[in-house]
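Only one chain is shown below, in structure tokens, and it's the form predicted on its own.
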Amino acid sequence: MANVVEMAPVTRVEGHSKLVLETNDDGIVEKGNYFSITPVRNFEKFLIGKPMEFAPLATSRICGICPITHSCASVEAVEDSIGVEPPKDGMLLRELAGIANRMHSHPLHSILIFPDFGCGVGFDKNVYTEAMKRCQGMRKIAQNIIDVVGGEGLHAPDIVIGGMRHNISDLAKNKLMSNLRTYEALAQEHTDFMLGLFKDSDYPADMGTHDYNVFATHLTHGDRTAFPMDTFSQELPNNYYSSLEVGLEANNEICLIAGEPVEVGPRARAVKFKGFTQRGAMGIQVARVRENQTSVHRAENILDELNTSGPTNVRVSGLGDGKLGIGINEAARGANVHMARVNEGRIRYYNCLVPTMWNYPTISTALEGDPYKYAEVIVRAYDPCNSCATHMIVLDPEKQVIENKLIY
């Protein structure tokens, strides 16, 4: 009989999650299970019946780390449902806000994984302090971009149906461009530092590999036309994990394409759009730190292209007839998909397929074949956001399944 190793909660990730690993006598994982144990909050459920304008405001509260990606995916799902197309400058500003959210999140992830790579533990204090200051400097710049473009640094109220509520001034544009150049210099220094940590680590190069495909729709924003509507599916955890006991404890759904897991996130984007070939947990880490530079370059190009006198929103006249709308934003952690049906101006159906929902089964498989002592390191490579990915099934007090049901 296999040995069972449990770790809960998994540390230095967003939300509460758990590992249940079946190992052989040498401590090698033969079956991996990674899942959310974060309490359910029912965002999708309480959106039903609410005015469509409420969706991007409410969904930005799903997570304090990735609020902007939820606003962007949500508002574009609503716009797709009611047939609204924002003007060019509005979409440029919206993309800039989304990129800034990613530029804010990635350095935070570096801080969370410093201990995995020896930084801060027996490390030169001055070098460690400078690395922390550099990450926080990058995050401060990114947060300021969201504040200026979105109207508020966390839950941006200027992301509205029809585009963006306001354009920015020439003065703000010039100031943001100056700050982006500072970010670019910090990102280059940070990339060199992190790649040095990775190179000097003792982790195997093939740690956390898997054979699944990647799924990414765009390098910096999102493309709803790339969503495989005909082949995607959602599975309840009790139908997927290695035992019913594990499945009943899990509060997340599983997302599949053509019946198979996929990997989403920075490595997936790099593979799809840049020909990146490195695999496994280390490949994800390398792709993530390099993506800071991709993001800041695109942000600079957006500001170059932006007409500060151009319109940023259109008048919304239609109220929707129940058509399914899809919005996708390539968040820090991968493809964030929102679906909405709007009828007479109110939400009648809502569904979120967030990045970590796609990655749960991929992470579970990636754990297999490696020593269980590497499990948390592999999990952290994906930077999972468990609060975003939490859903529920209906149980009786004895924890017996009454009904398999997705609660939207």
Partner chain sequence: MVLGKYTDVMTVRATDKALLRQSQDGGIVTSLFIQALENGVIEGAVVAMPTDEPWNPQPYVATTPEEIIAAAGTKYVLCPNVNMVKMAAREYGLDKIGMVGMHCLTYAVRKMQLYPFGARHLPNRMALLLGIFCTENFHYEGIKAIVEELHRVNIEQVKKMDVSKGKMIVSTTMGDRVEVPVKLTHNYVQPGCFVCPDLTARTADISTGSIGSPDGWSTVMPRTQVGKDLFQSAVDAGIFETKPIDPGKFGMEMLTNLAQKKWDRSVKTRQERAEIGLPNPF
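This one's a predicted model, so the numbers in the text were calculated from it and none came from an experiment. Residue numbers count along the first chain shown, from 1.
One more form of this protein should be noted, the form predicted in complex with its partner chain, which is absent from this view; the next part is about it.
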| item | value |
| --- | --- |
| Non-hydrogen atom within 4.5 Å of its partner chain in the predicted complex for each of 148, 154 and 171 | yes |
| Option touching its partner chain, based on a heavy atom within 4.5 Å in the predicted complex, out of 263, 253, 158, 89 | 158 |
| Interface residue in the predicted complex among 181, 323, 297, 175, criterion: non-hydrogen atom within 4.5 angstroms of its partner chain | 175 |
| 4.5 angstroms heavy atom contact with its partner chain in the predicted complex for residue 209 | no |
| 4.5 Å heavy atom contact, residue 166 and its partner chain in the predicted complex | yes |
| Its partner chain contact at residue 144 in the predicted complex, heavy atom, 4.5 Å | yes |
| Segment that reaches its partner chain in the predicted complex - one of 282-290, 213-221, 158-166, 126-134, heavy atoms within 4.5 Å | 158-166 |
